[in-house]
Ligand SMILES: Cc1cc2nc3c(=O)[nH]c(=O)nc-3n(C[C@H](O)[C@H](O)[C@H](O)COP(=O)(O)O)c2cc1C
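Just the one chain here, laid out as structure tokens, in the form predicted on its own.
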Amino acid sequence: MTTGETFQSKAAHLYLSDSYTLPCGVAVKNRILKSAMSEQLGTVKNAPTPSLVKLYNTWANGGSGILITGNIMIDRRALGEPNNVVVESEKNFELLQAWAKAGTQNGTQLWAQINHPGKQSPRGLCSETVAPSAVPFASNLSSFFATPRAMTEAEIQEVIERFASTAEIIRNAGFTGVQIHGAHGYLVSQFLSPHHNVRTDQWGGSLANRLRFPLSIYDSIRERVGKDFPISFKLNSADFQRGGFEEDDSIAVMKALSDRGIDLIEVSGGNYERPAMSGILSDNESTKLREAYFLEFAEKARKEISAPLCVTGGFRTVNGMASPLRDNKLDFVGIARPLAMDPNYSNKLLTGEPVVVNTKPRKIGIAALDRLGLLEVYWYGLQLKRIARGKSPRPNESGIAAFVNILLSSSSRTIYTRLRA
């Protein structure tokens, strides 16, 4: 099935099996998109590793139509987590090629999520943090994240160029697409939010000005990779902060991207201060009945834009995934945490096999950390490391183990950063 065709009545799992042709002309074999998860499987010097090759080899045999990597950073001076992979040159090109070859088996699309954290980089990880404006974090997170320095015009232009250069290297290595991370409070998201962006120049103020940064990134990437290479954008429905990025803003951004020919918009929401993407804020009955956290917003956006849409967060059953596809409310369903628990999950969905995974939020009882949502990232990261070693995930892994992993990895990265400075 391609763009614009009408669904016929059929078994729920068959809606997931339909192919889809993106605006750029690339065909995707089915409607399941593995959304980005933080692997943290790079080296301490931020190079890719054979562990990533093994992990994506496993997922490429797991049935998903699109695999989106975890954060690949565009600047080694700007990291979101310890052991992020950074692609700013062809220095580790052979490993990138091996990663791409593994992840594109079985006709799978492998898209690199490219990102800059802006101010959302933990203290000690980088020598300094930059952002659109020098807006500090809320008091409950100020001990975790430093107040950033406002970017200069030259730095903004450099970052735009870095996104484009990274995308070109990624394409040349054999990845089949890229995703610009414009959600979850990272730099692109910060530029879009009037809470984080209080600039008075051409990059701030009106939505048209705040939108200039992501559109400039998209245009620069498109110029470097060509018209037939998929470019996706991950966008918040809202950041759920007073005076921040709201739903009307998000739909306006989606319209602008759609008009430029974006190949897919993945809808999410929240940031470290309000981690809606983790499910922590999604306890209302409507969300539970509909499964997906941001589906109601996507339905509103669908009426306004022509670009393909994906929602990630909350999908757990075949019927819950098939329903919005059948009703033409979405084009792809995004899943993440279930694939950290069962890397063969997509194959099971596609064959109609009953499958249940426990993805309840992981907590350790320290309110500030539990609200932050970082424990979730690290807990699932431990499962990805197990898969990358050829082992099975451990559903009953202690949350404490993830917390210890946070402390050890952050400490080692901080020591290395100071030695490098």
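This is a predicted model, so every value here is computed, not measured. Numbers for residues come from their place in the sequence shown, where the first is 1.
Below, we turn to the form predicted in complex with this ligand, even though it does not appear here.
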| item | value |
| --- | --- |
| Contact assignment for this ligand in the predicted complex, among T312, T166, S232, S121, heavy atom within 4.5 Å | T312 |
| One residue of L95, L295, A322, I335 in contact with this ligand, assessed in the predicted complex (non-hydrogen atom, 4.5 angstroms) | I335 |
| Non-hydrogen atom within 4.5 angstroms of this ligand in the predicted complex for each of A36, S268 and V377 | yes |
| Partner-facing stretch of 68-76, 122-130, 100-108, 254-262, counted where any non-hydrogen atom is within 4.5 angstroms of this ligand in the predicted complex | 68-76 |
| In the predicted complex, H116 touching this ligand (heavy atom, 4.5 Å) | no |
| Touches this ligand in the predicted complex: R224 (any heavy atom, 4.5 Å) | no |
| Close approach of H181 to this ligand in the predicted complex, 4.5 Å, heavy atom | yes |
| Any non-hydrogen atom of G63 within 4.5 angstroms of this ligand in the predicted complex | no |
